[in-house]
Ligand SMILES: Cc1cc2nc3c(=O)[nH]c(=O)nc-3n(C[C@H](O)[C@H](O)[C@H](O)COP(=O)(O)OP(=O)(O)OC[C@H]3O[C@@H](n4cnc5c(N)ncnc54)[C@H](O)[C@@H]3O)c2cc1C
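One chain follows as structure tokens, the form predicted alone.
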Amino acid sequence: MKTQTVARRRALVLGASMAGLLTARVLSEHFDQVTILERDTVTAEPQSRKGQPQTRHLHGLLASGLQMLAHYFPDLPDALTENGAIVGDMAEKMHWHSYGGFRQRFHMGLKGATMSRPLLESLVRQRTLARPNITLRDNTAVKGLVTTTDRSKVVGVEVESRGASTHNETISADLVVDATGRGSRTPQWLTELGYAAPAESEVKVDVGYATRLYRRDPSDPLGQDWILSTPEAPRESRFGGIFPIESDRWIISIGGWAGDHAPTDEEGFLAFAHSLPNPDIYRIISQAEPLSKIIAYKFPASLRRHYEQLERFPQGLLVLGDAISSFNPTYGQGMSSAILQAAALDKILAQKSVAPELLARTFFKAAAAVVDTPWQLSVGEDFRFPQTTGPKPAGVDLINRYVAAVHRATRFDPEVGRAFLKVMNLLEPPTSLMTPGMMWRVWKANRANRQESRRVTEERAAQVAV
């Protein structure tokens, strides 16, 4: 019997953030027409929208995300540079204090990018909408799904347009992709249609941070570097990052886990930055001109919806990006995860023999494989803090003890640093850090760390004696 193929006339993407834009770009290769529906007003210039509170804070684009974006938009890396973003070798540009010292710098050959999220999104949006079969409708709120009589297939959505006059209408489609983020209403829509909502894993972290923009002096020796301070948990709980972005600006976000959040008043903000073990964060902002107010952001919990576990799911509907899984943003993996999920959808749609009833199951399995690594990494790190609650992966305490040794080893061995950054950038699985050869390097580097610690202790004791 001949396999029925999916009708590919019109696709709808719900949400015009990074996940939605990449999804639309992917779908444009497989559908005659793609329409992006966005609730907020979308302007041509870089700008944070009402529904994107996190876009005003620190963002970096991992190497895996930049590589995939360059695959779909070959001129994007040059456009980022031309617009003032900092694009370069991640390992050469890092000034990262962690576990008692700075990770060694080295040439890695993998480029990342630091820029404001609105700039990145605007450049991706320009290129997405330049494709002739993609259109964007902003000020359009999706009110619900439209299905066949037996509710087995989604055939469109009900929307409320909020332009000069408000009116409701139905938009038909062969495929609807929900990329509306953590606040996705798909679980609710599923139950209303008689389906089960996906099971959820929630890991409560109580992370909070505050962000501010400063004028950047291009002559600063670190003016092209991404600067981080991450804690040795659970002894430390505070983190900070200051990245160079377009228009000769710094963007700084400082905060912590388990309620140890940065204040938003001037004196408290500076004092919190001064408490971080990477002294350059405070040095820079104490001397630089502030360009914005201090803005707070709170992230109570990481959330993963297990669509891959559902036995029944309507045809013509998919879910992608933060609507599947939203991670602790301090690890910087959300955008890259969404981009890789969109790329996985591209590969599946290229297999034109995939039957309609198998599309969702096939995609959710592939998306789960993408999500597994960043979820494992972020949740594992979060469970270093005893205040973290939620489903704790088996063996995570033992794994964390070894990963702590990996962190320390990156201060002495660039090859360990290279392996660590590949995992962090979602280019290699965490198991790549556990080969016999790598474990030997980690052990040797930690021995060097212990020797250095003894030397420093002895020197301090000698100074006190004098």
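Start at 1 and count along the sequence shown; that's the residue number. Remember, predicted model here, so these are calculated numbers, not experimental data.
Same protein, other form: the form predicted in complex with the named molecule, not shown, and the subject of what follows.
Asker: Heavy atom to heavy atom, is residue 316 within 4.5 Å of the named molecule in the predicted complex?
Answerer: No, no contact at 4.5 Å.
Asker: Whether residue 321 contacts the named molecule in the predicted complex should be assessed with a 4.5 Å heavy atom distance threshold; does it?
Answerer: Contact with the named molecule, yes.
Asker: How about residue 60 - does it come within 4.5 Å of the named molecule in the predicted complex, if we only consider non-hydrogen atoms?
Answerer: Within the cut-off, so yes.
Asker: Using 4.5 Å between non-hydrogen atoms, is residue 67 touching the named molecule in the predicted complex?
Answerer: It does not: once the named molecule is placed as it appears in the predicted complex, residue 67 has no heavy atom within 4.5 Å of it.
Asker: By the heavy atom within 4.5 Å rule, which residue out of 190, 370, 142, 90 makes contact with the named molecule in the predicted complex?
Answerer: Looking at 190, 370, 142, 90 one by one, just 142 meets the 4.5 Å heavy-atom criterion.
Asker: Counting non-hydrogen atoms within 4.5 angstroms of the named molecule in the predicted complex, say which of 106, 297, 102, 195 makes the cut.
Answerer: Of the candidates 106, 297, 102, 195, 297 is the one lying within 4.5 Å of the named molecule in the predicted complex.
Asker: Identify whether the named molecule in the predicted complex is within 4.5 Å of every residue in the set 16, 332 and 336, based on non-hydrogen atoms.
Answerer: Each of the three qualifies.
Asker: Tell me, please, which stretch of 427 to 435, 37 to 45, 395 to 403, 413 to 421 lies within 4.5 angstroms of the named molecule in the predicted complex when heavy atoms are compared?
Answerer: Going through the listed ranges, the match is 37 to 45.
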